[in-house]
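Below sits a lone chain in structure tokens, taken as the form predicted alone.
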């Protein structure tokens, strides 16, 4: 980071960093422009009686917010207060722990996260399938790899390590790794594929079931591993028998030979893994997709065995204790807090964010009246945007911690101006922890880095760190504040006895808080600080230990609920669409002949980055990408304004040809646009695909996530 006159001006990759090796993503290189953004808030804002916003000191804002929350809690109880931390708080190690700690101190369990509307199937599948305590194979050692709806070269997440994914992929291909990609769009990563399947959207469960059919039929599975560590094999085999490659190919618009080749290629590898992305989780049956992928990994024995070295034994996380045994399945849903507005409860992915708007709009006494958003933008990100806006308007108190007046902050009573990333210390813990939660999503080696604050906030500004806001509320409300670190084995909060207790009289520094929440890390934080370029702490070899002598736990590949859901898939239309009452199959296809799928853009991180000119490259909207033949069929040219309509709502889009997309598909990035009042600015801000989503009709009964991808739509010239 180059600094001039106290301000950041240029970012370049660090060639001495052993994990990234000089790599930076486009978004990271534009951090100086984010810090200097003309719309950046340097003072917190308060909504005035006339509808305008006026600056307010952070101290006074916390005084007023604390008092208002106390009044509401006194009348309606702590359950009336909810917290929504989004993806932009994840890289700040103290933000979410402090926010959750404040909520627990308040007595409210109403914490909703983006996990429940992004990839909830991963959490649910991990729970009901069980976890292998020896760990999975990692990308850098594998000779076969399967990506389902992933594009890690653009998302820099999920499937290929985030530290220099392009270089790691090229190195893997040079050593002979076979890459299999299943995606309706020939993405950047799909261009490297040895086997590429381009199906209709929403058909991942049928394709994976057919791959399992081939693996079982041709006895390509690891029989020894399955006999020792797997339960439910016979039930699975019976259910996938009807999902022949021919049946799945007919549904998905593929050939049986393509599916068989994918199955044989994956099973032939000695080491490897199958990983899904956000798109398949947002499409129907995301839990089932993730469960079938874990099942495929298990049948092919893609787990580390006794005596094998563990590639990432932890650095900032506690020392791993790997064993060659299963952590038994647990309930994926049905435990803990439940909603009042709908028959949805807690799942392994958390409370159902897809129904949070309903919980705010609920007319009963126990509705949510206060919402605090950190690192998030619900009006842009939540499904069913029109309902989300109604919910924001009904709240008695909406507080956002936001660097600018985003689509959500325009509805807020208070907008707290935060410090930005270069103005605060940083740790690499978020990508390390995600490796413990998902398969093949974080660092595959014990890499760790600490970075100090590189610049001060602008002179004369009044900004605070996100954790400082919750510390300030706790002080004013007399609530003790605790932060709960992560437990390495399961990726969840450690026991209360491990919590870091904030000193409520003498405010700690961020570095002191880091020391507190990293109190059990394998590598002491003081040692990590000694390596300003980061370091791979591979000085200790940790191997998978034998199973406990009395352990009889097994991984479950025959979960009853998942197999019943797979059976139901056969009765649906292509793409996971249930037949509508009063509407025949031909009517459904005729009215909505296209499928809208979600995608990532290289220079945008959800709703951030799209208003930075160097990133948008004079195209600040999210184009509606269609195959050129579809555009010709519709009589639409590049740049034309089009209307995209679902059975629930419609949005405007800007047509863009893309020959890499399967015909019948429209591909658009999510989290663009603003409230409907701003639709005329579509060429400046794009369109919100969440508006097309009906969160009450097609939704997962366990996590509440509605259909957010593979949405049936009609497209006409606007």
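Residue numbers count along the first chain shown, from 1. Quick caveat, the model's predicted, so the values are computed rather than measured.
The protein also exists as the form predicted together with a small molecule; that form is not presented, and the subsequent description refers to it.
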| property | result |
| --- | --- |
| Heavy atom distance at most 4.5 Å to the small molecule in the predicted bound form, all of 239, 244 and 556 | no |
| In the predicted bound form, segment of 596-604, 519-527, 385-393, 341-349 with a heavy atom within 4.5 Å of the small molecule | 596-604 |
| Heavy atom of residue 88 within 4.5 Å of the small molecule in the predicted bound form | yes |
| 4.5 Å heavy atom contact, residue 279 to the small molecule in the predicted bound form | yes |
| Non-hydrogen atom contact residue 673 with the small molecule in the predicted bound form at 4.5 angstroms | no |
| Residue 709: touches the small molecule in the predicted bound form, heavy atom cutoff 4.5 angstroms | yes |
| Heavy atom within 4.5 Å of the small molecule in the predicted bound form - residue from 547, 154, 214, 327 | 154 |
| Partner-contacting position among 355, 182, 292, 316 - heavy atom within 4.5 Å of the small molecule in the predicted bound form | 182 |
